[in-house]
Ligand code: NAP
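The data below hold one chain only, encoded as structure tokens and taken in the form predicted on its own.
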Amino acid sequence: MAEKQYINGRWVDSHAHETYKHRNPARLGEVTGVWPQGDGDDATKAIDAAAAAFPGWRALPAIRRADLMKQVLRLIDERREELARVITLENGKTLADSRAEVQSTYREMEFQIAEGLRVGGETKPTAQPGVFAYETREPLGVVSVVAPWNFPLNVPGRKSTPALMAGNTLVFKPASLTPGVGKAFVDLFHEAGFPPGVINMVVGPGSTVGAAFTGSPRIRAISFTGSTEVGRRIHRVASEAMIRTQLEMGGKNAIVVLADADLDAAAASAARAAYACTGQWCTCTSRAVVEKPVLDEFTERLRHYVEQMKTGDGADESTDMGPLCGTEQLETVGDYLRVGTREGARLLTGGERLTGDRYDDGCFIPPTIFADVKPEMRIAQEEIFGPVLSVMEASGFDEAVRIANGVPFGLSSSVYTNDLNRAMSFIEQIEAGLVHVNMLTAYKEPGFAFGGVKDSGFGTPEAGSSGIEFFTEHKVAYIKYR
């Protein structure tokens, strides 16, 4: 029997008759659930429910909304291990990475709840005597959250919390590769006692459910995380209906290693950030741009770290890197491995699908390093979204920055150096929304905005104080009192 959609406070059968089976990416023979291929009618019912619930939710004082959200936090705290295991079951990431995602979800939501209690306004002097004026922010109405499969709990938490704290109601589409995590997320709100219709979830393809959310004039905003291609399509359609968009998209993140860097720390950082979640974080390190004098030494240290990593089922506590999230990812990454070899890059380690008793039934590709990668190669330009790291040579600092900036994306970056002047110069010159010095490209804090430039992001960034800003609109009032 297929799972259900969550609409108007109840789990209900989908209007669509088609279903699909979700499979554990570590063991493709294991069906984890049967899910509806939701359609436009399901989406419309969810929008109806959210629209009906909006006046009451908007009128509820922010402190009361925060009380309900804190109940969600309490449930997350109680179910940390249960949530982590669902993430690993559907996504494939290691339990360590899944537990870290649960913790980051908790912290992101905790911060946004507090931000929701700080939403106010400001007063300014007016030119007219006897006139008092102030500006405030108000909710938009019904908003949509379209979540990815690589952070199936964290991203919905980061997006939904400011939306709901601002007084909006919500329609949520989880990724088809991680619908069980979406259900577990929505169950938290149901058990916390949220009024019917305030949050709704519809499982289904982007071509039906996503299109219905994007094209509905009753949706006031769409917050999307996913590929640049899909993000562009969403924005194109949404702009016709004057729907605001917040798009967090692809990345091709570089770590720049300068000659004075701590090479052991840089190699460990590159290895950790390149292969966490099997290279499927948008902030993963995809390129290592290294000054020529230390290129060979850095590469050997990097290979040493990588060859110690154990690939396997993410549910095994001894695993360092799990499978790719599904057969489509497996095919895509496999294609890029062949492209890299064909273009003339030198394969140092990995590079082929793992086989044998432990691997035959899963989507396993080991950590892979290509050396002698040129900036114009496809593996140096395109987002692979897999465990593939390209090592590139730079003659000096200026060329390293040019290589790092020479891609369509601009999400995250890092430089390893002990030279303060060059560190600050890198921060000034790099074209990225996030920049790190002697740190992982993947590091972030909930109190700061999260978003990229160029093809990596569009609209108001997520997280930080801008998270709730996206889900509100301003109003100015002028009051003549004498």
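Heads up: residue numbers just count along the shown sequence, starting at 1. Because the structure is a prediction, the values reported are computed rather than measured.
Not on display, but discussed next: the form predicted in complex with this ligand.
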item	value
Heavy atom of each of 214, 250 and 385 within 4.5 Å of this ligand in the model of the complex	yes
Candidate from 269, 94, 112, 225 lying within 4.5 Å of this ligand in the model of the complex - any heavy atom	225
Heavy atom within 4.5 Å of this ligand in the model of the complex - the one residue of 298, 189, 149, 370 that qualifies	149
Among 173-181, 192-200, 311-319, 347-355, the region lying within 4.5 Å of this ligand in the model of the complex by heavy atom distance	173-181
is_contact(residue 230, this ligand) in the model of the complex, heavy atom dist at most 4.5 Å	yes
is_contact(residue 163, this ligand) in the model of the complex, heavy atom dist at most 4.5 Å	no
4.5 Å heavy atom contact, residue 57 and this ligand in the model of the complex	no
Close approach of residue 238 to this ligand in the model of the complex, 4.5 Å, heavy atom	no
Members of 275-299 lying within 4.5 angstroms of this ligand, judged by heavy atom, in the model of the complex	282
